[in-house]
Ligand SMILES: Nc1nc2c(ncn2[C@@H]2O[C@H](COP(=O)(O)OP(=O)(O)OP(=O)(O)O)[C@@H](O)[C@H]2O)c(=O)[nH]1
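Take a look at this single chain, the form predicted on its own, given in structure tokens.
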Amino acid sequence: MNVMILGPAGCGKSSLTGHFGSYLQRHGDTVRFLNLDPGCIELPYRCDFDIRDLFTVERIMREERLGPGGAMTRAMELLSRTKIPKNEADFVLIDTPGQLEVFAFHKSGPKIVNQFVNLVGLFILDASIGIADIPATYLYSLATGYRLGIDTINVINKVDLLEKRDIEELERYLRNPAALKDELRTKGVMSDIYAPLSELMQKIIPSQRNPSISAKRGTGFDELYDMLREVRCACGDLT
């Protein structure tokens, strides 16, 4: 199974890739690690394929005299023309660029993703941003999955940074978004679109299983593992 780790910058993609990969190996699964981020400096895992061996954002900036944004866009163009080797393993974990918007919404994104078969996405929702911003991040996840054309499991990461009360409130929201609709209501021009968005969230969020994990501490991996096994054997239901 190919598992693509997605999410905004700083959400813990590389940490999840490394620590969840170690978890899978302890369970007897074979794991391969692919790094598709040409801008990262260090990684908490040993790569079986590392795009930095071919090019890096820093090298592109220097050689083509581009700024960070332009160099990252150029890197995605190069990546879309790079033949990524096929890896045989129970799980192939694919770490993606920190700049999700360039990877997902540039024209090269779908071309890169289409190189993989039997693919499922893990989109990381950063719990530390606060419950009020979870709906916006959920919409970001929906847009990313739609744009790349892959089924996505939403994972709540960094729960170790929350107080018990905050975790309970977050879980209550994920079970029933309507429970906090008055508390999360926005003001100004955004209030005009809040109602339909709130109704959409009330339909989508409770229908999905959203494992809460700490990639740093390795907690919550059991449920995530079970969900991926259900996807792999096509016998489970993620709702």
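Residue positions are given as counts along the sequence shown, with the first one as 1. Values in this document were obtained by computation on a predicted structure and should not be read as measured data.
FYI, the form predicted together with this ligand isn't displayed, but the following is about it.
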| query | finding |
| --- | --- |
| Contact label in the model of the complex: Gly98 to this ligand, heavy atom within 4.5 Å | yes |
| Non-hydrogen atom contact Leu161 with this ligand in the model of the complex at 4.5 angstroms | yes |
| 4.5 Å heavy atom contact, Ser214 and this ligand in the model of the complex | yes |
| Partner contact for Gly12 in the model of the complex: this ligand, 4.5 angstroms, heavy atom | yes |
| Within 4.5 Å of this ligand in the model of the complex, all of Pro8, Asp37 and Asn157 (non-hydrogen atom) | yes |
